[in-house]
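Listed next as structure tokens is one chain, alone, in the form predicted alone.
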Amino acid sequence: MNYFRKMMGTTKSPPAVSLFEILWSWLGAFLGISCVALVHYHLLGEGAELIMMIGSFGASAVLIYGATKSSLAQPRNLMGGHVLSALIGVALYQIFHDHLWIAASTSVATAIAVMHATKTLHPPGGATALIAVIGGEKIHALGYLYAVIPVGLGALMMLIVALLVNNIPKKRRYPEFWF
């Protein structure tokens, strides 16, 4: 019975955020994702698939523009979580490419363990590792370059936007810590 009681939760839902926070989070996410998309078009051309736009960047945007105080949103976590997870995903795809279910599950689980061990836990990193496995031929063709472009460069661009945008208003501050 105690096992099921734990599923009831122990605290109340957090209060709603202000309209100011909502709009500022929207602006940061718009600018951050736009920056990554524009660099993609300048590097790879408008007709190219959106390789720079990996899905996990959407989740990172939620954290670094909408939950700026979270330890999961800090620069160390953003950069380290994505890059380490990308490397893990590529390595495990290369080892288990004939058994994608093993590559997928092992890459996410290992990414979580490594992020914990290195104090770089960033939930979108799990998706970054998974994308390295299931991302398709264009992602697989990048090999370990996937960790540099699109992952490292895209996360760095989003970090720069977060530093610039989140520190404009007096009510906001980013980051809480670097290391």
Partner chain sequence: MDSDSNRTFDISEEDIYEAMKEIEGYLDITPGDFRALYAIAHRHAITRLATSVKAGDVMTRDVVFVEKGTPLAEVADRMAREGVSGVPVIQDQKVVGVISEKDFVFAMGGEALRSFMAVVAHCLGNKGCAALPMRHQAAEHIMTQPALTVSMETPLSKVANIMAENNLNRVPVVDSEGKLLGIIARADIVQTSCTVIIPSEGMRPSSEGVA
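From a predicted model like this one, the values you see are computed outputs, not experimental measurements. Numbering follows the first chain given and starts at 1.
Keep in mind that the form predicted together with the partner chain is not shown, yet the notes after this line are about it.
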Quiz item: What stretch, of 135-143, 29-37, 109-117, 62-70, brings heavy atoms to within 4.5 Å of the partner chain in the predicted bound form?
Solution: 62-70
Self-check item: 4.5 Å heavy atom contact, Pro14 to the partner chain in the predicted bound form
Solution: yes
Quiz item: How about Asn167: is it within 4.5 Å of the partner chain in the predicted bound form, going by heavy atoms?
Solution: no
